[in-house]
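Two forms of the same protein chain are encoded below as structure tokens; each is given separately, as structure 1 and structure 2.
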Structure 1
Amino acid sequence: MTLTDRYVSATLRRVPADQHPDLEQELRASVADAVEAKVEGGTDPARAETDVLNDLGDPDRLAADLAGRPLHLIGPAYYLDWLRLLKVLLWISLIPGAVVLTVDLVDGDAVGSAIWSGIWTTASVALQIAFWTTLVFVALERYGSPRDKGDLTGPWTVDRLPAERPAREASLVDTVVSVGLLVLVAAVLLLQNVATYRAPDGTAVPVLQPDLWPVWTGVLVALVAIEIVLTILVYARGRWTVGLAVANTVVGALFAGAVVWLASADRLVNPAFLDVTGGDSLAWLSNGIIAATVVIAGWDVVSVWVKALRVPRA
């Protein structure tokens, strides 16, 4: 088997069978012509064959070009449609995650495991959506008629320009997501009294200290409620202002301060909960909660100040 034989069979492997006889003969003739020309020019015959095949390059690439098949997953014709649709669909994956989270909490699962299964469900659904959406577009790219390209979402016109917004930096989506997360925090705090972790023997064991109720729980939920009001005010104003940033800093500091103080005094987590779940160190858990609270609250305060002090776009 010569080098050319191997090259030709490597190329034909990726070309539809009905084109094989014609293509093979033409490719062989072209290679032979080129080799002949090189040999007449004084190149060693073996060397000439190698040179010609090297110039033709990767047989898979040549085969794709000869057969008119794209060497990309999603080409420029569909890329924007794919991206837009995927963005919209990925938001949907939050819904099953939230449903699983709520159901788990109502069933009285531990808050940690409920949050984990909510995140896991969201991630699985997002992966499924991304995979199937991409697969459909890959099929469209390869087998869709080129004439259809403008028809998928119709040709672009100025009607599709986003509505003019008065320099709004807080989007509706951001606001809804933020409010949703805050409601979730409040729900977790309040649900301690109805839906709590159940020990293997069926007794209800609250995750948080039972004696936080009603005073501390009330304080924390009230602070969360103020955060919700702030978030909605920001949406109404269109952006963070210095006044709103001050309020956000005060509320964030109070909430973080309360959580840190309770955790460091070992008054946040119910020791009985650790006993039934087999957790051994209350100090370790408390330190984890303190660190997480400081980082999240600090990040929130700083990022809000950055947004508030940034010069608004004209």
Structure 2
Amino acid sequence: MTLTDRYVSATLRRVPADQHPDLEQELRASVADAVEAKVEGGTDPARAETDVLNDLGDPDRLAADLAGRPLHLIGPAYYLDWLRLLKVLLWISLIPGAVVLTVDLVDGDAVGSAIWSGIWTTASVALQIAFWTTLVFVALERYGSPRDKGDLTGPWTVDRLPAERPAREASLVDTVVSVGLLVLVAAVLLLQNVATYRAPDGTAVPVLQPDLWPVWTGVLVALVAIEIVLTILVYARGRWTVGLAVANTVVGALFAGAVVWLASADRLVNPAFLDVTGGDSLAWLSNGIIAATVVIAGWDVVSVWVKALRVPRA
């Protein structure tokens, strides 16, 4: 892939798909003409291509111009810097949310309350980050020195083009979300002895059977840990393979089988939890857990096999 190919690719990713053919043809022709002119003037072809692309500037900015999409919120001078920095900083908001969730669980708060506190903290921190970051850029634009053609981090050159990467079906966002949910499941299982439901009189009542600790809890957490490893391996490989699908099927079947057996034997949910929450029958809850487990496990296995057997795009 040439520098021009990478530049065109980086530009078109910000342009609506229906405009790709015309814009790509126009952009390539423009670059070719400019390179040819420089070569005829005695410039080395490789140097000429680099100079032409450097003159065109940031492909994201060019894409906005080609698509007729003005960069408004902050103003065109700082918009791209603001957007890139904000995307990076917003990931930080997950850290305090996870800390609050963990602390609440360790302190013995109800699981639902702890999850809500973690989500609320993450949202609050994200809002603060977005507000203050935006305010700083607004101040820069209003009161900073007039900006020349270069970016805040220096003039754009072809060295900042994104590296060529193979197409991947497993995105980073999907992987982070999946691992986060699995870690939450493991935390709920491990913290049953300290993070329990609180009855109206303040009495601590575990949601799951206390007898599950340590053998069954250890088995379930180990299976969740294997699922986490599989999720990370899928991201590293870029897609599900047949071998990973087989491993996922085995782990999913073992986890679902354990949950279904424990629920059918009334060994999963603590009867005392139903007593304090007003539940009058363990059977309906066990049947619901069994049905949900079978459906979720079946959907997971089938969807993974579909992804594994799907022919990768060239």
Partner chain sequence: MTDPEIFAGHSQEVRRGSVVVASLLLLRTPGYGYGLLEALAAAGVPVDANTLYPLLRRLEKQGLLGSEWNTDEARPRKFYRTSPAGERLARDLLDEWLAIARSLQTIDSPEGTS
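For residue numbers, the reference is structure 1: its sequence is counted from 1. In this text, the rigid core denotes the largest set of C-alpha atoms whose superposition between the two forms falls within 1.5 Å. What you see is a predicted model; the values in this text were computed from it and never measured.
Between the two renderings of this chain, the form predicted in complex with the partner chain is found in structure 1; structure 2 comes from elsewhere. After superposing the rigid core, the C-alpha of L56 moves by 2 Å or more between the two structures.
The Cα position of R267 differs by less than 2 Å between the two structures after fitting on the rigid core. Taking the rigid core as fixed, one finds a CA shift for V246 smaller than 2 Å between the two structures.
Overlaying the rigid core between the two structures leaves the Cα of A98 displaced by 6.8 angstrom.
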